[in-house]
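Just one chain follows, in the form predicted alone, and it is written as structure tokens.
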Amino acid sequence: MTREPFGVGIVGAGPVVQAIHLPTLARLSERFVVRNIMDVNPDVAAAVAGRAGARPSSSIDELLADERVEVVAICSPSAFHAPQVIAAMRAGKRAVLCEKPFATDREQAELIAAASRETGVPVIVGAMHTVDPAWLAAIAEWEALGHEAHTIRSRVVLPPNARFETSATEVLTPRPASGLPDLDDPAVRAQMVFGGVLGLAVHDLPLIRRLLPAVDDIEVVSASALSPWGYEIGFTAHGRLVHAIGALTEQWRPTWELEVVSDEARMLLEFPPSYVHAGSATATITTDARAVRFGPYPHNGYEGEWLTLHAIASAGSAAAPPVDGLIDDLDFVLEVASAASETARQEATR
């Protein structure tokens, strides 16, 4: 007998929810139905919930008390993630999806892990590239063939999308005009690099960590802030070189690529940019003998997150990814962000 769709409660009703999660859930209506949307701004909660046919709430306690809510998506600012994830677990929900990063430091992550073990409620992180079907197919082939990367390049070059984001999400509160950052200030450069890692590079760093033999000897060799907004970082880990660049430019064509090079092969993943619902990435593994292409597949990583959550909520915590792996990913992201930020600060003062 087919189960009724899981009732979803969403904490936070900002652009990511409006432009990504709600359209994704609408395509998965046989598996999920949005029951409750919470935002600290009651007007935003009411407007967004009204469009989704859900009940609005202005506190997480109110949302968690809704018996129709079976799974919870935490889409609030990252400073609130850990306590809200833990509250959802203690409320006895079936599973929790938390936007990245799911904690701001290892101590918070360990508290989430302890709560998950205590309550039996699993958590997954909303890192859409890690569940993109093209990545999953390509990395399985790469590892089966025994390729070992010596160079990894992450390239994210996007046009400014404030106009698209505003029109697509019907943002209900205007954003202040902050002007261009002062890159003559070393602190501003450092913060731009740190924010760039947590805002853009974070999508690909879990993939990069999987491609590295170990990450216990990371050394950032260069880090720069790019004008008008962006970062460029080079670091090594166990003799492997990683080069990551992320930038907003005036070009019209977005680029989001992850290139992996070994002595025998090259793997290139081309991801659709954020906020775009256009199927999966594509991946190509090329050797001297042949080129194998994976994708595009019908669903993207956004749907992959929710399909993973559905499988976990249906099968129980045994189907969930180990929380220790999520903590290791977080450690890796934070270490790269902190080291690159400090390197950018030092380079700006030379």
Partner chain sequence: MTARTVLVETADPRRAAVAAATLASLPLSYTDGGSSTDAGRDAEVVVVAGSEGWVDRVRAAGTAGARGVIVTDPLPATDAGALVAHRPACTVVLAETWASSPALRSAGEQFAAPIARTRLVDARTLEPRTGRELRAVLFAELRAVQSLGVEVASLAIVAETASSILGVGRSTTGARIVLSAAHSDTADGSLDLLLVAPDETIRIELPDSTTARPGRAVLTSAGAAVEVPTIWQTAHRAAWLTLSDALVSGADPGHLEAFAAATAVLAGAGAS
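Numbering follows the first chain given and starts at 1. Being a predicted model, the structure only gives us computed values, none of them experimental.
There is another form of the same protein, the form predicted together with the partner chain; it is not shown, and what comes next is about it.
Although the partner is absent from the chain shown here, none of 67, 107 and 115 has a heavy atom within 4.5 Å of the partner chain in the predicted bound form.
With a 4.5 Å cutoff on heavy atoms, residue 221 counts as touching the partner chain in the predicted bound form.
Although the partner is absent from this view, residue 153 contacts the partner chain in the predicted bound form, with a non-hydrogen atom inside 4.5 angstroms.
Heavy atoms of residue 239 reach within 4.5 Å of the partner chain in the predicted bound form, making it an interface residue. Using a 4.5 Å cutoff between non-hydrogen atoms, residue 141 does not count as a contact of the partner chain in the predicted bound form. Just one of 111, 276, 212, 226 comes within 4.5 Å of the partner chain in the predicted bound form, counting any heavy atom, and that one is 226. Only one of 284, 314, 59, 287 comes within 4.5 Å of the partner chain in the predicted bound form through a heavy atom, and that residue is 287. In plain terms, the part of the chain that comes close to the partner chain in the predicted bound form, with a heavy atom within 4.5 Å, is 227-235 out of 68-76, 203-211, 116-124, 227-235.
Using a 4.5 Å cut-off on any heavy atom, the residues of 247-263 that reach the partner chain in the predicted bound form are, in sequence order, 247, 249, 250, 251, 252, 253, 255, 257, 259, 261, 262, 263.
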